[in-house]
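Only one chain is given next, in structure tokens, and it is the form predicted on its own.
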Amino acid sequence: MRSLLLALAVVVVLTLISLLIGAGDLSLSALLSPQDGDRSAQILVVSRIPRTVALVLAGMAMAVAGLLMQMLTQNRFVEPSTAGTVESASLGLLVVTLFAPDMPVFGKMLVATGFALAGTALFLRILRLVPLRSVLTVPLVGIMLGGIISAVTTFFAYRFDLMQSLNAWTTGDFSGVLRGRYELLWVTFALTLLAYLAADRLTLAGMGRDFATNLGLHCRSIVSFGLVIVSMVTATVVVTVGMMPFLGLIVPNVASMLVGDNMRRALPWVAVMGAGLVLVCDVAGRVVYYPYEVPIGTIMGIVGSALFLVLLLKGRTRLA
């Protein structure tokens, strides 16, 4: 408990740093002693607070979604971006952009959720048909499925001149987050709470269908519940800020090394570390080429791939 509180304190410090760093001038002295014509308070309320809240919500939700995917597939190499979920959500966004461009954002999120759910269900269906002789077979199947869906999406985006929109959905970027353009992410907070409430049942479902059935649980319903949470979280984050690679892969594995595989115990750690990693990557993206910004998707790709290699080299036995 003390370690978790210490990690939470680090996230609070990162949150304060995120509020104070950016292209616009903002300092504590200006906030405490405002002068005439000073726009510090406006920058804080309109831009910095919404951006920082969006970072925390998206980081927590995507890390928890990665943990759910790993529990439900019983494979530590799986996350929404290695199971075709992200690519399916992007395809759903492309479809709704082509046929109903004036649909409200919440409607677009629901359509993307339907596509993400269908893509994830197809991934699980393929896993039942493919002989799994290695743990690496599972993510390889997901990457191939995601590649096919991504190729179809790219083809139609190119034909209808929507490549710029497609790049925005597949590359995480918080630079456009302002008040009134991030509130949809609160849906992911509610979904994270639902995952915590159902943590014990999801843990049992992650031990296998036979084990869960022998304990009197309806395994298919629990798995479907988990997939709906993963699909809705992925669609909401893709619609709002784009995708962040490796987050759902790295954080659950690190949390598992620290506190074990019990989901109720690991989930608070996953949420806190997910928010912390996203804040660190976003702050780095804002300072390495100041006053310009590097998208967080780029920073996360570099940091995440390096951390994943470290995990593979130092914990091969545990990951396998």
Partner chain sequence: MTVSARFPRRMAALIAGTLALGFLTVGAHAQDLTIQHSKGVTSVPAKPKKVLAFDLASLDTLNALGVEVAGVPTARFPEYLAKYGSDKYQKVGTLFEPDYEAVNAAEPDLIIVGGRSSARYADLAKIAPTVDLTVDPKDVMGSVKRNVQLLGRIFDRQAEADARLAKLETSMADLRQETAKAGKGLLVLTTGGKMSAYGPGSRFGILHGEFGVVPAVEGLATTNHGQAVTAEFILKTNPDWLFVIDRDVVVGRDGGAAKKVLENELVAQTTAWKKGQVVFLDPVNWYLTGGGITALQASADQIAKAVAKK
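Remember, it's a predicted structure, so these values are computed and weren't measured experimentally. Numbering follows the first chain given and starts at 1.
As for the form predicted in complex with the partner chain, it is not shown, yet the points below apply to it.
J.: Can you pick out, from Leu217, Ala199, Leu191, Ala168, the residue that has a heavy atom within 4.5 Å of the partner chain in the predicted complex?
T.: By the 4.5 Å heavy-atom cutoff, the listed residue in contact is Ala168.
J.: Non-hydrogen atoms within 4.5 angstroms of the partner chain in the predicted complex: do Ala151, Gly260 and Trp269 all have one?
T.: Contact check failed for every one of Ala151, Gly260 and Trp269.
J.: Closest heavy atom of Thr97 to the partner chain in the predicted complex, within 4.5 Å or not?
T.: Taking the distances in the predicted complex, the answer for Thr97 is yes, it comes within 4.5 Å of the partner chain.
J.: I'd like to check something about Ala23: if you look in the predicted complex, is any of its heavy atoms closer than or equal to 4.5 Å to a heavy atom of the partner chain?
T.: Output for Ala23 is yes: heavy atoms within 4.5 Å of the partner chain.
J.: Report whether the minimum heavy atom distance between Phe106 and the partner chain in the predicted complex is within 4.5 Å.
T.: Close contact is absent here: in the predicted complex, Phe106 is far from the partner chain, nothing within 4.5 Å, heavy atoms only.
J.: Applying a 4.5 Å heavy atom distance criterion, does Val46 contact the partner chain in the predicted complex?
T.: So Val46 counts as contacting the partner chain.
J.: Using a 4.5 Å heavy atom cut-off, which of 219-227, 152-160, 246-254, 77-85 contacts the partner chain in the predicted complex?
T.: Of the options, only 152-160 has residues within 4.5 Å of the partner.
J.: Let me know which residues along 207-226 have a heavy atom within 4.5 Å of the partner chain in the predicted complex, or say none if there are none.
T.: Heavy-atom contacts to the partner chain in the predicted complex: nothing from 207-226.
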